[in-house]
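Just the one chain here, the form predicted alone, laid out as structure tokens.
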């Protein structure tokens, strides 16, 4: 099913979709673009290469309550988490959708699945937006991602000649387009063929990298690689494939709650044990863990490197210590970054 809508009618489409449930779009907020819930007057930016922060928090919120409980005498009442409403995530680029699919392997394709993540994922219709002009930091081609296509999306959207072409790829996608059929025109006679979209070439050699790293845990290269790290953790918060979290309980006589929040392997307390021992006491050990997880531990378990080449760590790290530098150090020749 293909539909098309003129760009000047997009505000009407946003209003129509938001009437069905929460609608999240890339919104311009000062100098950055963020996925936010649509409101009247929001400055929607569909031309942005990438949002400052990936949309993973729609499925794995920065903070979420597992459950609450109340106590009355010897009676205990467990209050389940709030019901998840059907939502639409609109304007996700192929790299970010690929990252969500990597998170799915962790949170859904395991036994047992993470129910809170699974419910949000199943209740969200994802509209991907093709990317025809990647910026100099994007290198998704290295991970076999086509910026102009997103085969795992419910709907794939393409900006074309002042219009938005929408093509449903799943039943959820078809349902979404039917909900807005009064605003959409038939697009069956249109096609989108941008040709090959090239992203940055950093000379990365990924073939055999996970296997190679198995014997490089104590490599002296780690002694130099970590030194510039500030330990700020921004790389983990802007990374679409990072998923570390902490679970805490807060309570008193009358009740309490259990909640989950994002955490980072780059923080000193992350692996600190109750007795005070910390197996990763310094920045060297934490940098090594971060890159070994992306490049060796995750692919060893799931068969894919845990990076999609979105370029956020290259843009955000204040000392330019990013995954490209790590791959160049351990995977092949060093190529000067632009």
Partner chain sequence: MSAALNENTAGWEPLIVSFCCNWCSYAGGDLAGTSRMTYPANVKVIRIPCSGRINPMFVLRAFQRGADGVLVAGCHPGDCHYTSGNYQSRRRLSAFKRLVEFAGFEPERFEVRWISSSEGDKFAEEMTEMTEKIKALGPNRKMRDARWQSVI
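This structure is a prediction, so every number in the text was calculated from the model and none was measured. Positions refer to the first chain, counted from 1. Definition used throughout: the rigid core is the maximal C-alpha set that superposes within 1.5 Å between two forms.
Omitted from view is the form predicted together with its partner chain, to which the following refers.
Partner contact region in the predicted complex: 244 to 252, out of 183 to 191, 143 to 151, 85 to 93, 244 to 252, criterion any non-hydrogen atom within 4.5 Å of its partner chain. Although the partner is absent here, residue 211 is not a contact residue: none of its heavy atoms lies within 4.5 angstroms of its partner chain in the predicted complex. Contact annotation for residue 222: none of its heavy atoms lies within 4.5 Å of its partner chain in the predicted complex.
Proximity of residue 257 to its partner chain in the predicted complex: non-hydrogen atoms within 4.5 Å are present. Among heavy atoms of residue 70, some come within 4.5 Å of its partner chain in the predicted complex. If you fit the rigid core between this form and the one not shown, you'll see the Cα of residue 258 move by 2 angstroms or more.
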